[in-house]
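A lone chain, given as structure tokens: the form predicted on its own.
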């Protein structure tokens, strides 16, 4: 371990909880445990906070993805020392497992990108936004983490099509009246539907949605309301944010019920105009999504949590007789003990070569490593010098299923972010694209369908990819691009409007891993959702499993939850308590 800095020994050597990894769920749990007066040691092998939820300089992103794309070489056989043989614990190896695949980094203007590479701060798990009324914003406010973050509003939401058109989503009465793309009949139907939903949420008996309708598929309820396909698409995929094709029950992995759809509409409606300086429903943090994990780490540190970065954990210590967890061995060689352990989902537990575990430990080994049972999410990052909408900087675009090519069964989401959010140089834009997928080839086709529709893609000058990707790119990558270009875009609907030129891109697939509570407790990987609500729920559930008697962040009095004015008048949305 020559690359490990010479850290002084950690003192004390016993904690209530050790957390490995500073991703969002781990950071939330560390902050909650510290608030509950637990002694917490929070470790991360990286030199930065956030792990797979981080925001990294452009120059650092390729190496981070590559370091988590292949399994590390197994450690050399190691025999126990005479001292360890007489101890009451055994060692279980701890190694990283591959999380990313089909990594393809391409530069189409290397001189320009190299000149500004350190001025780009890129989200590893984008696209992500906050709804102004969602659970993550409530948690940020209730815990005081808002002291460490500032936000700006996302200007608008659009629905895209295969011709490059971006249609504004009419998400309020005012927007419906102003929308010139809707006919009078469509406006009346949409207004009638929103009125029904608002009456139901207000518990008005004469407009109550029946229990039978609430348990039926949301798309069936929309059909019952007589809404035309365009309006249904807006509601299902750009407001309710459904992931899969709701019209085709044969492929849908997430058929939305009316009750859940109404709840999502309520969240969207409650988010619009909640904060004074955020006119829309969505927020994005200044300096990138990595600020969220850091905010909770700072909150934990204030409550006494001990932080050590650049410190890998090489092994777990388990009781020889019972197989129960006892502590960890650091790369520095020091053993640290704790009652509880939370693991980043990228780690897997391995047995030392030639060892034979005790029967109690042998029974627990199948539960040591997280399982990939939810498919994959494909992510793309693009950099341009021109906005997709000439008069707008920060906005969301949703491509509903089947909107780009017939085989597209999932929604594709794109988020454009500009320099006023301090993630790129002035005059440049970052586009985040993502979609759920079954495999890497399907994911690649989805991302290429969007880029070929919206952007001019020149031949790459510099391209980096792992060996597997190089083979796939040579054999099938161009075919995928050509296919999606033919089945997708004919360019912007205005012949005089030129498409932005792609300057740099990254494409990669990420495993979707659920957290687990067992012999080893682990947190989930970033999911395919647009916000963090499911991840926050997973963190809360895990905390309550390990500390059932403790309250998760006791509520504190707060007088100004709705005040987001940071006092400088520049429109930053900064939730303040």
Partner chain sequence: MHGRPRKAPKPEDEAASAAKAQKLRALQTQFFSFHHDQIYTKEAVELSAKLLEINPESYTAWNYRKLAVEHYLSQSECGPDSVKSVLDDELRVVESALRQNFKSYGAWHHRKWVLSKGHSSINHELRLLDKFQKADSRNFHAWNYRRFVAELMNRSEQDELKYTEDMIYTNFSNYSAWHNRSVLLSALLEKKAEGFLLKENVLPEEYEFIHQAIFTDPDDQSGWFYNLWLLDQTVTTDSPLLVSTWPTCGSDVLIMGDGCQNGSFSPFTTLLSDSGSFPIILYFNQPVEGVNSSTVTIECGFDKNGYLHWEPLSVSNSQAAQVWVAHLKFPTPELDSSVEVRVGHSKGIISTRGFQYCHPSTFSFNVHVQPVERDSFQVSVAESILWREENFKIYRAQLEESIPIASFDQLCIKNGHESTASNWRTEALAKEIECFRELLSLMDCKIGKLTLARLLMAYDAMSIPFATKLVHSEEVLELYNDLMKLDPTHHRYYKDEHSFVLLQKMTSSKESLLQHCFQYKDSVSSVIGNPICLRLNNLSLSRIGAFEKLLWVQMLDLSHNELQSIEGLEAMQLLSCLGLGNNKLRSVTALEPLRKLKSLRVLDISYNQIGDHSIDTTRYLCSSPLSHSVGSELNKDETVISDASLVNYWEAFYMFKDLNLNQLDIVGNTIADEKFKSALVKIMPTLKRLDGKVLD
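The model shown is predicted, which means the values in this text are computed figures rather than measured ones. Numbering follows the first chain given and starts at 1.
The following text describes the form predicted together with the partner chain, which does not appear among the structures shown.
> In the model of the complex, which of the listed residues (389, 385, 163, 187) lies with a heavy atom within 4.5 Å of the partner chain?
Residue within 4.5 Å of the partner: 187.
> Out of 179, 407, 263, 114, which one falls within 4.5 Å of the partner chain in the model of the complex, going by heavy atoms?
The residue in contact is 179.
> Does the 4.5 Å heavy atom contact test between residue 174 and the partner chain in the model of the complex come out positive?
Within the cut-off, so yes.
> Contact between residue 195 and the partner chain in the model of the complex at 4.5 Å, heavy atoms?
Yes, contact at 4.5 Å.
> Using a 4.5 Å heavy atom cut-off, state whether residue 191 contacts the partner chain in the model of the complex.
Within the cut-off, so yes.
> Quick check for you: of 376-384, 99-107, 166-174, 418-426, which stretch puts a non-hydrogen atom within 4.5 Å of the partner chain in the model of the complex?
Answer to the contact question: 166-174.
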